[in-house]
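Let's start with one chain on its own, the form predicted on its own, as structure tokens.
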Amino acid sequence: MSKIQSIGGQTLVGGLNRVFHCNHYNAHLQMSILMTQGLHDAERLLVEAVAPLIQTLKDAGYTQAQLIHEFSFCGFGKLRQETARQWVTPHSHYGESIYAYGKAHKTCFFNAGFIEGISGKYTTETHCQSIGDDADRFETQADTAANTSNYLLHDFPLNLRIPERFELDVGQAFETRVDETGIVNTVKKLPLYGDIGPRGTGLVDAFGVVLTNHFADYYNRVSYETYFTMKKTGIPIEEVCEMFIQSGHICAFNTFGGIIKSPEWHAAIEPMCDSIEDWIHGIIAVINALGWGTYRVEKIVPEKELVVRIYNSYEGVGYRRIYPKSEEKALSFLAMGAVLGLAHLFWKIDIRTKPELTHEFYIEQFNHQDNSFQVEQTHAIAAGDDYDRIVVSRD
């Protein structure tokens, strides 16, 4: 298998960027995509965005056995082939950890796409744990080829001229004991991978959430194709952006909140924190170990404003590898939701008090309009800037 490379805040495996995301983000992003089924074939999009990435790994030398190993190692569950056309995931992130509001339905579109990439054949899910079946089961169509056409059409190099922390051309002087390098190295040593042993589930249970080390290009493909479709139908752009930003906001609540409440945070990071600004620097350091790019704090005005630059953001770089340069700026939806979520964690609910992070608490407090911030993106790699810049503020 290809070796893991860490470059400019991105984690590359087989030339593809991998990013850590939790089941809450995966669930809400997938639900958002499925809500647009009447506008385009959203279900097939969720499948066909995977298969070309698996084909890319095959082209890089991955064997079928190595791809099945990768499925488990990255936290997607356990995958095995039972017959020439039958596949099963007895444990599955998308079958067990993904939830949906309203009527239960099959959820393992990603798994089906992974199998399409391996087999080269059109694949359908026949059984799913999310609707009460004992396992997720899939069937390939022997006479129908899968669409594995590469959608990463453009070369776009990573930016290797990233300023050191707190050395931006314009920004605020910070004094902090928070050791970002130490935190990044500590997080990268955590066992954030699926148990691939015979009794393992292939899932990653950490920080109170279920993690995946996912394909960044998968997120980008399903998000932007849906975004373009919604715009073409005349849906106001503000509503379209809000739908995707909300998934990042939910991710911040559950993942960042869970990290800050974890024993690892209490033991390794909290002792460095003398102020609420230190807590922000601490969680930014953790983010810089997730493969999302390199986050740099530009400005903090407690209770009023948080400004973050992101070099090599996986959304910005991914956009440029799939599409031509954009005329729009507000395209890093996850980043906007994440930075908005950081402001809400510290200045809306004060995560330092370690509240219970329930769905009810999210609706009643974290996502309530009272005492909330606004978010905007002023710079975008997708639009030709050197970095993404996210500004969260309130009057």
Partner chain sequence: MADTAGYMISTTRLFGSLNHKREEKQQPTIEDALLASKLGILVAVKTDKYANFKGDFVELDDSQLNELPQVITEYFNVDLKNEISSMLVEPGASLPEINATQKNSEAKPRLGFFKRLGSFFKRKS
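Remember, it's a predicted structure, so these values are computed and weren't measured experimentally. Numbering follows the first chain given and starts at 1.
Keep in mind that the form predicted in complex with its partner chain is missing from the display, and what follows is about it.
Checked against its partner chain in the model of the complex, the candidates 195, 179, 264, 242 yield a single residue with a heavy atom inside 4.5 Å, and that residue is 242. Interface residue among 301, 190, 160, 237, judged by heavy atoms within 4.5 Å of its partner chain in the model of the complex: 237. Contact annotation: residue 367 falls within 4.5 Å of its partner chain in the model of the complex, judged by heavy atom distances.
Its partner chain is not drawn, but in the model of the complex it has no heavy atom within 4.5 Å of residue 349.
Its partner chain in the model of the complex comes within 4.5 Å of no heavy atom belonging to residue 62. Interface residue remark: residue 144 is not counted as part of the site for its partner chain in the model of the complex, having no heavy atom within 4.5 Å. Considering its partner chain in the model of the complex, the lone stretch of 229 to 237, 207 to 215, 82 to 90, 152 to 160 in range is 229 to 237 [heavy atom distance within 4.5 Å]. Residues from 352 to 376 that approach its partner chain in the model of the complex with a non-hydrogen atom closer than or equal to 4.5 Å are 359, 362, 363, 364, 367, 368, 369, 370, 373, 374, 375, 376, in the order they occur in the chain.
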